[in-house]
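Presented as structure tokens, the chain that follows is alone, the form predicted alone.
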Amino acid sequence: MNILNTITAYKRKEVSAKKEAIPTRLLEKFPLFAKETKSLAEALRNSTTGIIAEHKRRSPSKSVINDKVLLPEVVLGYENAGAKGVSVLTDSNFFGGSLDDLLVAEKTISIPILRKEFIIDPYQIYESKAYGADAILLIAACLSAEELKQFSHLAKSLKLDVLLEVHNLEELQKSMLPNVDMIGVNNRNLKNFKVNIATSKKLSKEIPNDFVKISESGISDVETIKELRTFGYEGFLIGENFMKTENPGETAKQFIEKLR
């Protein structure tokens, strides 16, 4: 069983418990459920840098990355650095995040917020809206073609942008749906955690220009981004490269300045 299967199996139990504690009808009454969302896809299309900066305390592959610096400091630093969006990991068991992180980020910054989560149930989409997300992540490897269709439709009905993540051509072919705004190519092999930027290059020509193309994982230098732009990528999700430093916001600022 690879790590993705382990995580999704855990998620099914976690979501089942959450549904009992806070039913969907209560989520719809949360104050943030009525807030007007900001489009991450639009922000990236209008950007010259395309950086989505991620807050991530730890990961299954690297254990603790940075659990010392406070989230408000990180996300505000990212916004001030010129990031066009912020990704917030809300998984607790594997990544050390929480829904409270989403709430804090929403109160701290004004740029679009992507909820980075392993979504396997429509409940989590309502939850994302209730806790202040502007966009959600759907992972093709976790979901069937029908689930991708249903979940993306639900997200758009709630005015949430949809980033659909793929790892290979087979996943991409079931992901090109009308309610998807962005297609993210994850350069990390989830079976062995190895990273290869060639994955983004290889899949770029298969992604129609209707979608904002985003490259994820393993991006650690400006030259890689400049090269990926020639393949049509407009967004670049970077987390570990910033989070592994003492001051992620300052690191992001120096990185983004080189892109301008």
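So that there is no doubt, residue numbering starts at 1 and follows the sequence shown. All values derive from a computational prediction rather than experimental measurement.
As for the form predicted together with a small molecule, it is not shown, yet the points below apply to it.
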property	result
Selected contact from Arg188, Lys174, Lys149, Lys156, since only one has a non-hydrogen atom within 4.5 angstroms of the small molecule in the predicted bound form	Arg188
Residue among Ala130, Val74, Leu137, Ala140 with a heavy atom within 4.5 Å of the small molecule in the predicted bound form	Leu137
The small molecule in the predicted bound form reached by all of Lys56, Ser217 and Leu237, non-hydrogen atom within 4.5 Å	yes
Options 100-108, 121-129, 87-95, 74-82; stretch whose heavy atom lies within 4.5 Å of the small molecule in the predicted bound form	87-95
Partner proximity in the predicted bound form: Asp181 to the small molecule, non-hydrogen atom cutoff 4.5 Å	no
Arg115: touches the small molecule in the predicted bound form, heavy atom cutoff 4.5 angstroms	no
Glu165 within 4.5 Å of the small molecule in the predicted bound form, heavy atoms	yes
